[in-house]
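This document starts with one chain, in the form predicted alone, laid out as structure tokens.
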Amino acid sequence: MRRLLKVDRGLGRDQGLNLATHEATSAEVTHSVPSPRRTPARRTSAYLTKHPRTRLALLLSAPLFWLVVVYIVALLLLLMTAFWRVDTFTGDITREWTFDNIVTVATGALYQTVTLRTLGIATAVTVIDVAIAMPIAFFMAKVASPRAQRLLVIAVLMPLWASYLVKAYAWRSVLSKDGILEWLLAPVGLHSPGYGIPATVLTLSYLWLPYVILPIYAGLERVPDSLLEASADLGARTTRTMGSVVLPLAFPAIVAGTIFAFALSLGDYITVNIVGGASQMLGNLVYTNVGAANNLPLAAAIALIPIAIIFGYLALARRTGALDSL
């Protein structure tokens, strides 16, 4: 018993010495490391850490400044010129408020014809792109393996690496009377469409197709595979599954894809100059009045037409939830 007491006392004495040594070492370490200085940078960092909303506002200030001041304000100032007029003698812009340009654009037969033509081309491009994009996007999202998905996404994005003008002039070469399309169709008694509205629709459909495929692909990827399996287990055919399950769930993504094709086609003027022959779109009228005619107020009045159409289309698309899919 005495031996046990001696051992316990020895262990207690050793533990006390170890504890005292640890406390002394901790005190030395604490004393040796100086506290950080309260510099302005540290105070700012601490403040931003405690106020995440302020940090977010500062992070978005630069892009918002660019969007609001450089783009939106500049666009509004341009559109304000639609309510000014051009002096017939000097050709200078007179800052007097008038609705003459708006009335001219709204009632002129030329502007009405070109507006309907532009709407028809944009609608045709949108329908063609959706019809082509749907099976491609569905295969990418639901059929292809993960490795094949990555390769297909790269393949869809590859046309975007080339210049817009290079692609447009390539189609001009293909569609010409001496082009490869004429050479391929001649043996079966057909001919290339040449330059005109069909060529414009075909070229624009090619240019904007990747912008339609990607939103639809993202929307279809979010459709659960279990719903497709459940539909098949209940005896539904492929067409019924597509119409009753896939399309309702992917409809916002499809509308999101149409926004790109419709809006980009509505404001295009370069493609129709390259492959459109004598055809004109609203963008051509704006370009002509800004450059050759030097009538900026009339050009701004014409530009109001596609802007109004796009805003109306976006308002309808927003009701479907398409903007959340972008």
Partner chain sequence: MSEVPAIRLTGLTKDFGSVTAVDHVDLEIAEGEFFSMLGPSGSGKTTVLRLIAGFARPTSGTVELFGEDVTNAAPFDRDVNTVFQDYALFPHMNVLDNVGYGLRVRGMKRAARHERAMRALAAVRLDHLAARKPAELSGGQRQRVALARATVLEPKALLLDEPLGALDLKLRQQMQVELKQLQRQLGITFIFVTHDQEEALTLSDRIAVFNDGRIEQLGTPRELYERPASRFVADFVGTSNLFSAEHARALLGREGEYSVRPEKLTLSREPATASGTRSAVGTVVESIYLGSGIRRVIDLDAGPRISVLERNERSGAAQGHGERVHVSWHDEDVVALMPPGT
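Numbering follows the first chain given and starts at 1. Small disclaimer: the values here were computed from a predicted structure and weren't measured.
Below: the form predicted together with the partner chain, not depicted.
Within 4.5 Å of any heavy atom of the partner chain in the predicted bound form lies no heavy atom of residue 131. At the 4.5 Å threshold, heavy atoms of residue 168 stay clear of the partner chain in the predicted bound form, well away from it.
The partner chain is not drawn, but in the predicted bound form it has no heavy atom within 4.5 Å of residue 100.
Contact annotation: residue 79 falls outside 4.5 Å of the partner chain in the predicted bound form, judged by heavy atom distances. Residue heavy atoms within 4.5 Å of the partner chain in the predicted bound form occur in exactly one stretch of 219-227, 141-149, 183-191, 111-119, and that stretch is 219-227. Candidate site formed by 280, 284 and 288: none of these residues places a non-hydrogen atom within 4.5 angstroms of the partner chain in the predicted bound form. When you look in the predicted bound form, the only residue of 248, 91, 135, 196 with a non-hydrogen atom within 4.5 Å of the partner chain is 248. Shown without its partner, this chain lists 232, 162, 106, 75 as candidates; in the predicted bound form, only 232 has a non-hydrogen atom within 4.5 angstroms of the partner chain.
With contact defined as any non-hydrogen atom lying within 4.5 angstroms of the partner chain in the predicted bound form, the contacting residues in 234-255 are 234, 235, 236, 237, 238, 240, 241, 244, 245, 248, 249, given in sequence order.
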